[in-house]
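Consider the single chain below, provided in structure tokens and representing the form predicted alone.
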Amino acid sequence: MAPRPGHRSIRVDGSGKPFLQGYRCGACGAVVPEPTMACRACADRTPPAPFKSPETGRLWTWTVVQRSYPGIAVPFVSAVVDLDGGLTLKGTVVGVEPAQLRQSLPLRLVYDDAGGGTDKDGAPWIGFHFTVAGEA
């Protein structure tokens, strides 16, 4: 069964490989995560064009979550990441100690199985998290 995107910016190509899609205004270059009828930044009436987003970026801000719902392991790092193509996403950073985090830390998006969840037909959901990329 084909995997299903678990986030509005995730798309799945014909071979089942996930990728991130954003939308860029041709007039001002503003980037948004979903299609719109006009640019939210400059009000140009031409719909922003879809583009395949890079999956690398930089840490903008974060928090270390110490309390969560039952069954969710804590602590974990919830972060806002500015991707190199202009999209900004919220996600979890894994594989790094909270003390190592700093603004502009290079990160890479990694697709995952969205916690093992499936839709009503049994198709797996595709999610993502971030890991440190390059020089930490």
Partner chain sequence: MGDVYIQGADMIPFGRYNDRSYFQLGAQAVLGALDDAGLSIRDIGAVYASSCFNAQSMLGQKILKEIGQTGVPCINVSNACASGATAVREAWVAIKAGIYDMVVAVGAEKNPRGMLGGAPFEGPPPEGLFGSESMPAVFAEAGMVHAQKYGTTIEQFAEIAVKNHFHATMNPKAAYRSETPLEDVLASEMIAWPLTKLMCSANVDGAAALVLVSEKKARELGMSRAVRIRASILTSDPYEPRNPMMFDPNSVTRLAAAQAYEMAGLSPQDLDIVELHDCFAVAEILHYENLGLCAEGEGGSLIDSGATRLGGRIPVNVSGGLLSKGHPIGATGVANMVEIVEQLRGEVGARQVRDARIGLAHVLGFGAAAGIHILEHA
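Numbering follows the first chain given and starts at 1. What you see is a predicted model; the values in this text were computed from it and never measured.
There is another form of the same protein, the form predicted in complex with the partner chain; it is not shown, and what comes next is about it.
Visitor: Taking any heavy atom pair closer than or equal to 4.5 Å as contact, tell me whether Gln100 reaches the partner chain in the predicted complex.
Guide: Heavy-atom contact with the partner chain at 4.5 Å: absent for Gln100.
Visitor: If you check in the predicted complex, is Arg45 within 4.5 Å of the partner chain, heavy atoms only?
Guide: No, no contact at 4.5 Å.
Visitor: Please run the contact check for Asp82 against the partner chain in the predicted complex: heavy atoms, 4.5 angstroms, yes or no?
Guide: Looking in the predicted complex, residue contacts with the partner chain include Asp82, since a heavy atom lies within 4.5 Å.
Visitor: I'd like to know if Ile72 sits close to the partner chain in the predicted complex, meaning any non-hydrogen atom pair within 4.5 angstroms.
Guide: Although the partner chain is absent here, Ile72 would touch it in the predicted complex, with heavy atoms inside 4.5 Å.
Visitor: Looking at Ala27, Ala38, Val96, Val64, which has any heavy atom no more than 4.5 Å from the partner chain in the predicted complex?
Guide: Exactly one residue meets the criterion: Val64.
Visitor: Give me the residue from Pro54, Pro50, Pro33, Pro106 that has a heavy atom within 4.5 Å of the partner chain in the predicted complex.
Guide: Checked against the cut-off, the match is Pro33.
Visitor: What residues of 84 to 117, in sequence order, lie within 4.5 Å of the partner chain in the predicted complex by heavy atom?
Guide: If the 4.5 Å heavy-atom criterion is applied to the partner chain in the predicted complex, 84 to 117 yields Thr88, Leu89, Lys90, Gly91, Thr92, Arg102, Gln103, Ala114, Gly115.
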